[in-house]
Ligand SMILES: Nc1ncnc2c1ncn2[C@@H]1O[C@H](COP(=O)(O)OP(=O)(O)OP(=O)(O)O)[C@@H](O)[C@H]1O
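Single chain ahead, by itself, as structure tokens, in the form predicted alone.
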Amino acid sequence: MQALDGVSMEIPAEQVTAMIGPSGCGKSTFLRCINRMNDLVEAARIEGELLFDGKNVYDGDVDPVALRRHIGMVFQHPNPFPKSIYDNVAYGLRVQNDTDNMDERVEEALKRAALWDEVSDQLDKSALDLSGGQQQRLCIARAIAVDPNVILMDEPASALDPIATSKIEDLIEELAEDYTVIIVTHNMQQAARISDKTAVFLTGGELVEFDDTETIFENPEYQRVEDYITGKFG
């Protein structure tokens, strides 16, 4: 079964790009192509090119693990490790044997993830004791601690309450000042609020339209996109 068909787009640096569309249209599959997470799916087969800094990430000489150091990912459900808050953030740095100034870098990542003020006096506490929203911000801190270029987010707020969702949205907008953020969301209002560009995928893994978010929501080129956004189908 083909999950994506003829997808071609140029994602701008240091902006938020949202991917929207009905369930099963290939949004998350495309997201996972970007840092080769689909390599972990035994049946997955990929054709075409996906360029990052001018290099096809599917070239034979590209190490997927090294690639993911530059292209981090935050998943739909918070997935902190059963370790302390500190050890969660430090994990990637230790794996890479990059442990200089560890305390400062953990603090900086937590600050950038808007979590430091809430956990600074309990860094040895289990990450599993945090609330869902705090756990998701911790996962974002863990992703940015290794200083990636791109942050992929797959429905990062779908499991959170409205207050926690608002914090994540504010954080995403702040992160886009320094990182390229690509977010999959079912929440069209969220896409309209926080993204600069929006890609609309429809049934069959087809990228139907990709443009400035304001254009997509106010004056889309294709009737199918307007019908989806206005709730006529999907």
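Note that this is a predicted model, so its numbers are computed, not measured. Numbers for residues come from their place in the sequence shown, where the first is 1.
We do not show the form predicted together with the named molecule, though everything after this point is about it.
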Study note, to complete from the structure: Only one of 188-196, 27-35, 58-66, 164-172 has residues with a heavy atom within 4.5 Å of the named molecule in the predicted complex, and that stretch is 27-35
**Study point:** Candidate site Met9, Glu209 and Thr230: all three near the named molecule in the predicted complex by heavy atom within 4.5 Å
**Key:** no
Practice item. Please pick, from Asp98, Asp147, Glu155, Asp87, the one residue with any non-hydrogen atom lying within 4.5 angstroms of the named molecule in the predicted complex. Key: Glu155
Review point. For Ser23, is any heavy atom within 4.5 Å of the named molecule in the predicted complex, or not?
Key: yes
Check your understanding: Heavy atoms within 4.5 Å of the named molecule in the predicted complex: does Val41 have any?
Key -> yes
